[in-house]
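Form predicted on its own, single chain, as structure tokens, below.
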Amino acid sequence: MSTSTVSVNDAVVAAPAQTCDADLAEHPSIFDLVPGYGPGASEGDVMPDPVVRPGQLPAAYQRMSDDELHARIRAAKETLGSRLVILGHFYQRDEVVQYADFVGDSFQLANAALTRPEAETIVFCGVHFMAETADILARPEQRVILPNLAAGCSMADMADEDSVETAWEQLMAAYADEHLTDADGREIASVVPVTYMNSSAALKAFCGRHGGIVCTSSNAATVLEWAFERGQRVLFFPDQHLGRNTAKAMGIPLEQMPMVNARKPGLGLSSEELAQARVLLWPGFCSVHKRFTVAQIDKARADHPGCKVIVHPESPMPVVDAADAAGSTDAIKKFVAASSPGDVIAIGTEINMVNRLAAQYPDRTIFCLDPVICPCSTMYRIHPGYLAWTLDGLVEGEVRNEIVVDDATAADAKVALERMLAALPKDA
């Protein structure tokens, strides 16, 4: 196996028996039958309405042994050769990510897809918004496949196009009398929309139409600087925690970061709050990262004096403030790589990535802050059965689970995504 972003250790680290959902121990084929986002989903997940349940994995693939599924995946990869590229997110399960040609965070994978123009098909082992992004950035003749269409994102569902449009209209009305210029006399916007990568193609298109941009956790600081060069304020959605943590690190006080509520008149804000706002936050969150607490950090330090703590910036602000460092999945990987043998590192991010790092660095003690194991439940929906089924389809000339963004949406979204790709992370 060869990967371009990270070398994946084939060893499987056994997870503690305690999980946030007993269904995690069941066969993966049952996931399509579970209401909601599947095993591991937090009670805080916001359900889409109506709940959409894609088709179940064909019974023949449910009955196959693990050995047969893996043999089919290997055979299909060999047959398809350079016509296929498989992308795997850091949070993907080991038995799937081992087949990825590129492994990384959302920023890295968005770039990685562009490096294989000869590939006819991009198979994205991630979640729906990632596959949408790949389709938008791919060449017209390339196809993008999401092995399991049920692999969505609860955070992405927390900001829908209608609600964002409603909030935008209210903001434009609130700031209608402003006429702002920069030091050179050039007009600047009252508000610049910034959407996190964890959002639908429609919201990325919204940002493209309104002079905005997409960000990832890797380049959020660069993106906010870009936005403030062009506007007085930022509307940041859907993740409140990434927006708050990034803006706070840039020196913006909390009183200038109010949370909007699109369901309330005036977005639930007073005229004074609207006037002094610099970053308008959307009330979204990641169910996995919301679980991390300061108490967990305190316990890690009590149990392991001198341990280092790093968390993802989707974690709540008090957790980020209490940690030794915070950063994207790639930054977490680099943090561990820069550590020394014997170091003890507590990590606040998704368990599959933590376990993979622990296997990759056996001379260090690496563990997840949250003692209750909660994987990204939507990433967890992609397993070898779905990967084998979609790859077999390609060998047979059938494209299964293709993700297609309509041309109009893709055109606007691509504007915002290309701005994102140009906004390099600080440590790049």
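Fair warning: this is a prediction, and the values are worked out from it, not measured in the lab. Residues carry their position along the shown sequence, with the first being 1.
Only in words, not in the display: the form predicted in complex with a small molecule, which the text now covers.
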Sole residue of Asn355, Thr246, Ser328, Asn148 within 4.5 Å of the small molecule in the predicted complex, by heavy atom: Ser328
If the cut-off is 4.5 angstroms on heavy atoms, which of these, Phe129, Tyr99, Phe124, Phe292, is the one near the small molecule in the predicted complex? Phe129
So, a 4.5 angstroms cut-off on heavy atom distances: do all three of Thr195, Phe206 and Asp412 pass it with respect to the small molecule in the predicted complex? no
His312 within 4.5 Å of the small molecule in the predicted complex, heavy atoms: yes
Taking heavy atoms and a 4.5 Å cut-off, does Trp282 contact the small molecule in the predicted complex? no
Quick check on Ser217: any heavy atom within 4.5 Å of the small molecule in the predicted complex? yes
May I ask you to state whether Asp105 is within 4.5 Å of the small molecule in the predicted complex, using heavy atom distances? yes
If contact means any heavy atom within 4.5 Å, which of 139-147, 333-341, 184-192, 105-113 contacts the small molecule in the predicted complex? 105-113
